[in-house]
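The form predicted alone is given below as one chain in C-alpha cells.
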Amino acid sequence: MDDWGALYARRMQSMIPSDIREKMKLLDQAQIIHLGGGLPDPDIFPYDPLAEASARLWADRSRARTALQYAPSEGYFPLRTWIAGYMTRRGVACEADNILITNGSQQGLDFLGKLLLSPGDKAAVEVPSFIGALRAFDAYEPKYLGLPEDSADWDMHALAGAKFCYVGPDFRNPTGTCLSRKDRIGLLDLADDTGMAILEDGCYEQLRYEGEDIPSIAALAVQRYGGIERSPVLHTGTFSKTIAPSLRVGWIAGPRDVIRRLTLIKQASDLATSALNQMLLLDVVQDHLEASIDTARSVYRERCGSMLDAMERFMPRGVSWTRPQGGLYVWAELPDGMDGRALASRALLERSVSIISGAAFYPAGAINVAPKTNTFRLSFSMIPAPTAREGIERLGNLILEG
C-alpha cells in the first residue's frame, strides 16, 4: 500500500496532535525546565494505600477472580454506588444508575461527542478551552462556537442551534480561572433559552487552595429542575488529579436514559473499564480520598505561590497573567504584536524551557472567535520553587529580548 492517506476517513483531516502530548515526549530530558505540562506530581500519589488495597485484593481469591474478569459496561456497581453518594454529598442527588464509569474523563468527553454530534452540528466551547476536549470533539466534525470567558460577551443568538456547551468551570484548563456562581446560573439560563445541553468538566473541582467552594453547575441544575433526571447538565469526573492518572477511572453523571445510551457506546468501544483498577480505586477512596486531596492542595498551593512570586519578579512590563485560586495553571498574555507560538519555540531551543502556546487552546475554524496568539500557558504542578524561579527568569529575559 503506497497511499494510506487515500483511505483515511474525512474526520482525520481535522484531527491534529496535541501540543501538550508532544511536549510530554521531552519529559525525560533533564536539562529542560517544564513549565507547560500540567501532569499531577507522582511524589504525592497514595502509594501505601494502593499497595495495601492490592494486597488485600490478592489475598481474597473471590475478589481476585472478579478483579481479573470483564467488568459490567456501566462499571463496578459498588464504585458506581460510592460515586453516586459522593455526587449527592456535593449537591447532585443521584443513584448508581446515573453513573457510567469511563477510562478517565477524557473517554467521557469522547463518548459525549459521539452521543451528541453529527457532522456539521454546532458545538459551543469556552474559549480558550481544554485541548483534550477539542481533540475529542474534532473527530465528530462539529462547527465550533466560542463562549467567551467574560459573561458580558455571551450572546444567546450567537449560540442558537448549539447541541451543547462545554465548560470546565473550576480553575479552567488553560487559564486557571473560575466561573462565578452568577455565571453558572447564567449558563443554565442560556441552556433554557437555546435548548442546548451543558457538558461540565469537573476534573479540578477538588483542587481549590483559596476562597470558598462554588456549587457545580450540575448541583445548581438539580436545585433548579428538581432532580438530575430533568437536568440539562452532563458532568464528567475523574480520580486522575486526586489519586493517580494511570488507573484511568473517571465517570459521567447524568439522567438515566443518557447513561443507558452512553453505556451502548461504551460496549462498542472497549466493553468495560478494568475491574481491577475500579476495585483498587474504590478501596482507596473510601478511606483515603480526603487525605489525598489535602496533600495535593498543600503541595500545589505552595507551588502556585512560588510561580506567581517568580512572575512578579521576572516578567517584564506589559505581560499580564491570571492568579488562580486552585487548579494547576497560569495563563499569560504578552504585549500586542508578540507571538506566543514563536516564544514557545524560542524558549525551548534557546533557554531549555518548555511552555505551551495559547493558540493551541482555541477550536479550529470557530465561527465567532479567533485565537489570541499573544498568549501562553504555564503549569506549576511538577515544578519545585527553585526550578520554577529559574525557568520564569529565563523566560522573562527572553521576552525582554523581544
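Residue indices: 1-based, along the sequence shown. No experiment lies behind these values; they were computed from the predicted model shown.
Not on display, but discussed next: the form predicted together with a small molecule.
Just one listed stretch, out of 105-113, 157-165, 91-99, 219-227, contacts the small molecule in the predicted complex at the 4.5 Å heavy atom level, and that stretch is 105-113. Site annotation in the predicted complex: the residue of R80, R184, K241, H235 reaching within 4.5 Å of the small molecule with a heavy atom is K241. Proximity to the small molecule in the predicted complex, defined as a heavy atom within 4.5 Å, holds among F314, Y209, W321, Y204 only for Y204. Residues F45, Y76 and H288 are none of them found to lie within 4.5 Å of the small molecule in the predicted complex, as judged by heavy atom distances. The small molecule in the predicted complex is approached by N173, whose closest heavy atom lies within 4.5 angstroms of it. The small molecule in the predicted complex comes within 4.5 Å of a heavy atom belonging to Y329. None of the heavy atoms of R303 is located within 4.5 Å of the small molecule in the predicted complex. Taking the partner from elsewhere, R135 is found to have every heavy atom lying beyond 4.5 Å of the small molecule in the predicted complex.
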